[in-house]
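To begin, one chain is listed below as structure tokens, in the form predicted alone.
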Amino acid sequence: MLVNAAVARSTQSFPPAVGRGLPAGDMAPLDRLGTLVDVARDATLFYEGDLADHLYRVVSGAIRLCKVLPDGRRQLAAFFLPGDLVGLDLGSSHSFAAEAITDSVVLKLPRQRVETLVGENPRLGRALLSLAVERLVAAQSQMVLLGRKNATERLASFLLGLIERTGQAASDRPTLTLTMTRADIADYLGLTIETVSRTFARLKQLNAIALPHPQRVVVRDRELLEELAEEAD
């Protein structure tokens, strides 16, 4: 991983955290602690079991949190988009690995300095606690999604979540650029790649979405997508 000097000059233009519990104003003190680092596509930011001595804020690109199961299967636990904070583990080591989905830039933050800053800045401490609670709620929702929902419900719920996270909740026709692959989505939703592809096709046939490009989704009928996220086959 190499620091990109050209990007380093743009530290004042970081995107705000979208729906992740940390407004841009709360992130400003953290931004001043960090070092910008390039992470190439599919490169590992940290491995499962590594010492959790840094946090990372995504500046551009996207990061996936993953675990390889004993039988070789991969489970993705989360996707981190620009503005999101990665590596907020409660323990001293990381319980998952983090990998770049695309060429990405992250702000590397020394955990010890962050903890010192939290002690000096109660507002930041409250914001990080709020983020930790939000992550817990998200993990619980993911358990319900994997345990109770069918393929259509899972994919519809996933797309609706991306709409919220990309700040398009009020848009009549949200457009999503998917940085993650079909394989990533499958491993996140507990499905096969073939099932994910078929489900995208089904949503398109129902006119809930349009797919002008495999990585671009235009939501045509938000209400229908919401109904599909909740209805059983």
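This is a predicted model, so every value here is computed, not measured. Just count from 1 along the sequence shown to find any residue number.
Separately, the form predicted together with the DNA exists; it is not shown, and the next lines address it.
Shown without its partner, this chain lists Leu88, Ala151, Leu145, Leu160 as candidates; in the model of the complex, only Ala151 has a non-hydrogen atom within 4.5 angstroms of the DNA.
Contact with the DNA in the model of the complex, defined as a heavy atom within 4.5 Å, holds for exactly one of Leu203, Leu65, Leu191, Leu55, namely Leu191.
Relative to the DNA in the model of the complex, residues Thr35, Ala132 and Arg165 are all farther than 4.5 Å at every heavy atom. Remark: Ser197 counts among the residues lining the DNA in the model of the complex, judged by a heavy atom distance of 4.5 Å or less.
Residue contact check for Ala169: none of its heavy atoms lie within 4.5 Å of the DNA in the model of the complex. Contact check for Thr44: no non-hydrogen atom falls within 4.5 Å of the DNA in the model of the complex. Among heavy atoms of Leu51, none comes within 4.5 Å of the DNA in the model of the complex.
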